[in-house]
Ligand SMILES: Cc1ncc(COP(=O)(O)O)c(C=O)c1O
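Only one chain is shown below, in structure tokens, and it's the form predicted alone.
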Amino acid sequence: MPITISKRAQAIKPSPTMTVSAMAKKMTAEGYSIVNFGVGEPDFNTPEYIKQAAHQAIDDNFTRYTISAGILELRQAIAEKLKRDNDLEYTPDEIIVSPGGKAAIITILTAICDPGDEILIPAPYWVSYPSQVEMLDGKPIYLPTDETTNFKFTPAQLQSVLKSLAKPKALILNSPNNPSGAVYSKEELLAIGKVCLEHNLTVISDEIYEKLVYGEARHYSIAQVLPPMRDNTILINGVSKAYAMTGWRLGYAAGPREVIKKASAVQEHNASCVTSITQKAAVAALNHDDGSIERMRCEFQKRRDFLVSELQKIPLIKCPLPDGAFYAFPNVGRYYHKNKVGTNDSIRLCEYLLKEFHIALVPGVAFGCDECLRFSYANSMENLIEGIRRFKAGLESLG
């Protein structure tokens, strides 16, 4: 008899971002010229000083297991970074290093989430949040938003939803946001934090894009603007986005000591530890600055300004200017109705644009917002110019 697949595994859906990327790569291998706006990772190389630290770790034979929570040198560097950048005080035993921000989140959820616990997730959301909650038999509770509020939920909305719940446990707050680029202001976070304190709600604050904010926007952590929230907050961050280190796989969590202790115990039994060489590279990334982060940020801002300006010129499209990350999230829902090719949702539209116009986008339904599509502008200006030309032609072809 065949091996029986668990109900939990059967319920897991493949990541749409990776699915689109795989389709685009397949078509590229077949000889098609694809403009890929799908996968969200910087198109820059890891800075040289970080790579040199990794080479040095290999030369020094720093190639063995480390303790599960991460080497002390790295956790000290993270603590110093949180004090320097976020005005937050953490000790190394309040920090865990994980193989990516995604791993940090599910490790924390495993440490705090019981079956049936309700985890609030503003929509649009990063695609993995609901699946991670469901894998632990938690219950995702969505807070829908749209472009009229720049894709941000309100304290009143949070308060209203909380009153209807039986087992509210945590709120996953992602600012700057993937996919919308929304950045919550200091005042917004203060008001949200007060509601969370009133209901003893834990906040898992995903701040992986904190270095990528534009214009007048500023990044704040909820525990920074409302100090009593420190005991109710687990901060998630990492080196993937700001330092162009997606493939190195290193994220971290900072929070109450007992939570981090239990999360470390969880990690001991699944991932053991982050690669030793990556940890040494991350020490260099956090302790030094050769100007790479600011150069990347400025280039992303230039690309954002171009892409969103072009999207806003297209009839029937609504696209607010994102304040952070490297995504645009235009509402294209009015193109679903009565078009001549039957693309009446975000998946069908993305498939049509990929097959017929060779442009890869991610359907908004993956993020809980079917009327939108996600563009990643972690892309060359040449690709942005050609991609927006193909996108316009694709929409025009719908009639």
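Only a predicted model underlies this, so the values are computations on that prediction, with no experimental measurement involved. One-based numbering along the sequence shown.
The same protein has a further form, the form predicted together with the named molecule, not shown here; the description that follows concerns it.
This chain appears without its partner; in the model of the complex, the one residue of G101, P168, G324, P122 with a heavy atom within 4.5 Å of the named molecule is G101. Comment: the named molecule is not present in this chain, but in the model of the complex one of Y243, F300, F151, Y129 has a heavy atom within 4.5 Å of it, namely Y129. With the named molecule omitted here, the record of contacts in the model of the complex names 174-182 of 285-293, 174-182, 212-220, 141-149, defined by a heavy atom within 4.5 Å. Remark: I208 counts among the residues lining the named molecule in the model of the complex, judged by a heavy atom distance of 4.5 Å or less. At the 4.5 Å threshold, heavy atoms of K81 stay clear of the named molecule in the model of the complex, well away from it. Among heavy atoms of K262, none comes within 4.5 Å of the named molecule in the model of the complex. At least one heavy atom of R249 is located within 4.5 Å of the named molecule in the model of the complex.
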